[in-house]
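One chain comes next, on its own, written out as structure tokens in the form predicted on its own.
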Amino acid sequence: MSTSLEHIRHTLAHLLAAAVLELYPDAKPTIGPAIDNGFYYDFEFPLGADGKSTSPVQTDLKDIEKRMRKLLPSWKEMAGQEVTPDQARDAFKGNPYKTELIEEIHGKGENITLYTAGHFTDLCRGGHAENPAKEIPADSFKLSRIAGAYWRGDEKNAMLTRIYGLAFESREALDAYLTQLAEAEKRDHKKLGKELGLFLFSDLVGSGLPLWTPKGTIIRELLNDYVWEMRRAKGYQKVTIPHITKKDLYETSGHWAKFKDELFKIETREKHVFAMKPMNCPHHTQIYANELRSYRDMPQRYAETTMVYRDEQSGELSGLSRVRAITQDDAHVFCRKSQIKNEIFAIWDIIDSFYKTFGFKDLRIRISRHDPAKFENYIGTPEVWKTAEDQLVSLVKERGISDVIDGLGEAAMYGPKIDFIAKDSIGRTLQVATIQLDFNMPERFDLACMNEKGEKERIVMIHCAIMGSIERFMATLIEHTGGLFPFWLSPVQVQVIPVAEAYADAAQKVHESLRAANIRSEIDLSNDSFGKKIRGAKTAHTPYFIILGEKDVAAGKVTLESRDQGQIGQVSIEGVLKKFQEEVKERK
């Protein structure tokens, strides 16, 4: 987001609040920032005389938006004024949310500023369009939806009404984004996943805990097998760890102090406290630490695909994109500092190959660094962080990458990261893989090897997940492909369809030949019409279907039709098998 566009979006959040207060004078505005595609503002709406909420609903957004456009021409200036705490309290008396913010700002010793446009004044740090009426096209924004949101994101606080808006530099840019949204809605992985029978959620099992059908499990395992195939070629070994741990492990790693509220905890009958693992790295340190390693043993590369568990808030859960049971294709490299470059580049090669297979090309790079102003969020020392970050910057340059996104404040608790940013088939930007360089956890667990001089040498850890999590990557892949999976990955690769019952035996033999060759074939021997069978295969996005009729049986061949290429024509079963096996081998 460019600075000017961010300022416009921030200004529109104020304009939204002004419009709401004109239409709903009893509403209490709270906060309203700019976000990636627009803005939002949170409000508290009182109960009416009948005890019902006076909060607007989706159909009211047009009226609010209309009022925003009516006010905009009078907003010729966003004038800022520094005020005393008492002046600020007086300006927002009766609004406990603004009062809380004022006390917090005052407590930090920061300046308190109010900004006024038209007849509306708001508490704000600044960053606006200087002349909104001139700088903001009246047709470049649109209110999009209403949602609930806890005050300051804490479920213990009051539930507020959040109104979202979209905003871009022009009407054309807004229309393009709306078109993208419409396409995204058609590709929504929650909708397609259900239609294709890949996964489901059960109220009895719980929100954020997906259940995978046989078809969905085939795709998960094929993806994981592909990652493992590339990792095995780079010298990785599989390890296995339990799903729970004593809290002592996370106290040593530093995760307990930082994330104890996000952990699922277990108290045994002997009153010992365990946690469901939210990550795997602390467990893997114990496998490394089990014996004293020589420099000749280095590096040690451990890989494991396993579930981890995080107590996400219900309102943050979303299909496969945000879940409570997360399957990580996780790996950790324990190596000497002199081996960092080779190990990171080996992981980078895997990431490039994996994502190119699915059409994600030209991945952008973000170096996610710590924020020195919030060092309490990290473990280690500033000197160690500088060393790790400088190393990643150097490696990215050596890899020939000049267009680098600065991810200030995006680092993990224990180390900086190289994040890989992809664009999907409809132009959306998303983070995919990550490589994390960790000097801190080896220090906390006293991980070392014996060097050539017979001295203990502190090692480093590299954390890497190619898919990030299988759930999130599946959501990405379903929407990227629109459910049209490549042949090698499709749970059903070919549907065999006899034209009539007379050709059922011939179709069954073809079906068995395909299955014997490890092709995932299904045969439709139902009483449905031939046309309905064809429509069913197409609706299921099956990559190929084989038709057997009188001419095919007479010729000892089959008619092959492709989802993507249309009708191919009569082919021998040997020719079909060769074609399919080549597509699987090449992962076309």
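Treat the numbers as computed from the prediction; the structure is a model and nothing was measured. Residue numbers run from 1 along the displayed sequence.
Unshown form predicted in complex with a further copy of the same chain; subsequent notes refer to it.
- Exactly one listed residue, out of 139, 155, 505, 267, brings a non-hydrogen atom to within 4.5 Å of a further copy of the same chain in the predicted complex: 267.
- Exactly one listed residue, out of 126, 409, 85, 214, brings a non-hydrogen atom to within 4.5 Å of a further copy of the same chain in the predicted complex: 214.
- From the list 200-208, 93-101, 410-418, 159-167, the contact stretch for a further copy of the same chain in the predicted complex under a 4.5 Å heavy atom rule is 200-208.
- Residue contact with a further copy of the same chain in the predicted complex: residue 324 places a heavy atom within 4.5 Å of it.
- Taking the partner from elsewhere, residue 294 is found to have every heavy atom lying beyond 4.5 Å of a further copy of the same chain in the predicted complex.
- Contact between residue 361 and a further copy of the same chain in the predicted complex is not found at the 4.5 Å heavy atom cutoff.
- Heavy atoms of residue 286 reach within 4.5 Å of a further copy of the same chain in the predicted complex, making it an interface residue.
- Applying a 4.5 Å heavy atom cutoff to a further copy of the same chain in the predicted complex picks out 232, 237, 238, 239, 240, 241, 242 from 222-242, in order along the sequence.
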